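There is one chain below, alone, in structure tokens, taken in the form predicted on its own.
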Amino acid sequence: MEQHIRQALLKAAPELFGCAITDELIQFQQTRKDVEGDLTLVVFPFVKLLRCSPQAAGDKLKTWIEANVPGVSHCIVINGFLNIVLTDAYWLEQLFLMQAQPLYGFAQENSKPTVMVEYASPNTNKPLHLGHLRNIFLGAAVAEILRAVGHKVVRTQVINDRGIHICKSMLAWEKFSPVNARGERETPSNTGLKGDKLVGKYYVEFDKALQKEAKAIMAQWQSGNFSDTPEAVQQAVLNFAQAKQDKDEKAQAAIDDKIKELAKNQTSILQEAKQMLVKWEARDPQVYLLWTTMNGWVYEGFEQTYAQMGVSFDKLYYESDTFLLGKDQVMEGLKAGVFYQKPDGSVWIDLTADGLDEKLVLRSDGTAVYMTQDIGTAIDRFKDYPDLHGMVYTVGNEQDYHFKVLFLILQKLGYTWANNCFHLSYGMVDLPSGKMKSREGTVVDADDLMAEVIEKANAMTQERGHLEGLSEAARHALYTQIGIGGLKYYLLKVDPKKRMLFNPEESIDLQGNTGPFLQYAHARISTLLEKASYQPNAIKLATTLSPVEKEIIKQLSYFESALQEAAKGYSPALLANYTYELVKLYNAFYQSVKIVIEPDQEIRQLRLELSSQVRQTISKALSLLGIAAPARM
């Protein structure tokens, strides 16, 4: 209707305003819930054209729209706004139009440019955790939403399989893994531990050894013993110690942290890890074999976790491949003057003129940094997909600056498609105990968390009953749908930009803005329609709608715009909360009227049609969020 009124006003402008008008002048907004109306037209832009007060302008528009726009019942002028009330016949027509289009709200497939969505992108030195879950569920949902509005979508991840962090796990496994009676070190097969968890265990072990050695070095420094300490480091430590005087407690703690970092860099274990990275980049056979073996363990573990999550990818990229291309680009950019080289051999880019800073792109020893490999990965993707229009990087907001720099470097290298790259920045997930830290082992493991919510869904569902006739396998599938669905919804319903606190108990609650609340509404309607032997009926019904029926149809009609807004803002939260509002409206309707036992067959059929459309919309929305819609609960 909004578009219909817009076109009518544009066509009638010479008659109404004495001149043609532009589309931008016609502004609509949703009507406030405390006043009557289905759609609100902003009157103020027309006041100057009509040379009258806002009230008089509203009255003129009211008279013209009521006389010339079919489907409008009447209009109300309120303080420079025109609230438009639509007829019941119009809303019934909308209901049957939606019923006739199973894919109502979805755009034609591949009608928009190709977009690549990157999510997950884990490191191969630890298992997936709660923070990864928000990333993965967010990226997967955005990919589906973009596909629904017409984009061809390529789902991808770049696996961070190289770098100093990977070498830390490898070195710790070599140094600390116990040897069994058969002379074997720990492996997934002889321990029964998932490969990603085994490798993550040694990442933590590395940090323990690093902290212990750094603590010993700091104790030596405090006693005045600087033997084997480079002169420049010794002077830096003494300068920091001097700077601590007359500082407050917070400033002293910050200086202590800097001294601790200096100590860590002097540890033998970190030096060994750095040497291992140099050997890896030189393709040392022994190091490369260890890297291949341990990464293989991790990949097998990841696959199991992804299967439980219900997510997948169209294309995988590995940093061990793309960093080489990145290094080549850096050298080309160095020749072209985009980058510059310092006396120690390291390569940098100066972005101070762009309001940023100087950024390292290649270390003095020739090894790559994250920026190097991200440059290579981006270029590789556009070579693989020549029709690619843009990329969406699903990465936490701790990397906001990194992506500003990355996109700017790509532009300076001459890649115009960098303008279509978008960083889907999201807030971190906290626990009641605080922030998670992988190296300290204080994370919520993704596998453990998924098992926990499935078990909670099991207990909750069995307590409520309604499982008669379901096999054990069907029951477990239902518990998984509820548990994983609740987990996904809990992490998706919050605006991506916001930091959030996670509570697993709340995620599977049947009350409130939760996944199971929406799933239960779908199951309840499915049971209702089955009990009523519902059959779709496209006959237009001449009946009066109750206020709640009208509100439900109105909310159903917003599905397309909610989907478009979710795609535009890369925010599944908009779709999640749209669906929650729909279910709340339907529940009020379900509690207040007769449906199956309604004696008037015309009214009964209308309410069944309404219920069917609500069920279909819930199913579509949940599917886009990666959540199952059970028929029974």
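Note that residue numbering follows the sequence shown and begins at 1. Rigid core: the largest C-alpha set superposing within 1.5 Å between the two forms. From a predicted model like this one, the values you see are computed outputs, not experimental measurements.
There is also a form predicted in complex with the RNA; it is not shown, and the following applies to it.
Three-residue candidate spot N135, V149 and K258; no residue lies within 4.5 angstroms of the RNA in the predicted complex by any non-hydrogen atom.
For the options K335, R499, H476, K212, the one in contact with the RNA in the predicted complex, meaning a heavy atom within 4.5 Å, is R499. Screening Q234, N160, T114, S546 for any heavy atom within 4.5 Å of the RNA in the predicted complex leaves a single hit, N160. In summary, the region of this chain contacting the RNA in the predicted complex, judged by heavy atoms within 4.5 Å and restricted to 365-373, 106-114, 302-310, 192-200, corresponds to 365-373.
Although the partner is absent here, W64 sits far enough away that none of its heavy atoms falls within 4.5 Å of the RNA in the predicted complex.
Remark: M633 counts among the residues lining the RNA in the predicted complex, judged by a heavy atom distance of 4.5 Å or less. In the predicted complex, at least one heavy atom of T461 sits within 4.5 Å of a heavy atom of the RNA.
Using a 4.5 angstroms threshold between heavy atoms, S53 stays clear of the RNA in the predicted complex. For the stretch 32-56, the set of residues having any non-hydrogen atom within 4.5 angstroms of the RNA in the predicted complex comprises R32, D34, V35, T40, V42, F44, P45, K48, in sequence order.
With the core superposed, N79 shows a C-alpha displacement of at least 2 Å between this form and the one not shown. If you fit the rigid core between this form and the one not shown, you'll see the Cα of V43 move by 2 angstroms or more. With a cut-off of 2 Å and the rigid core superposed, P54 has a Cα displacement that reaches or exceeds the cut-off between this form and the one not shown.
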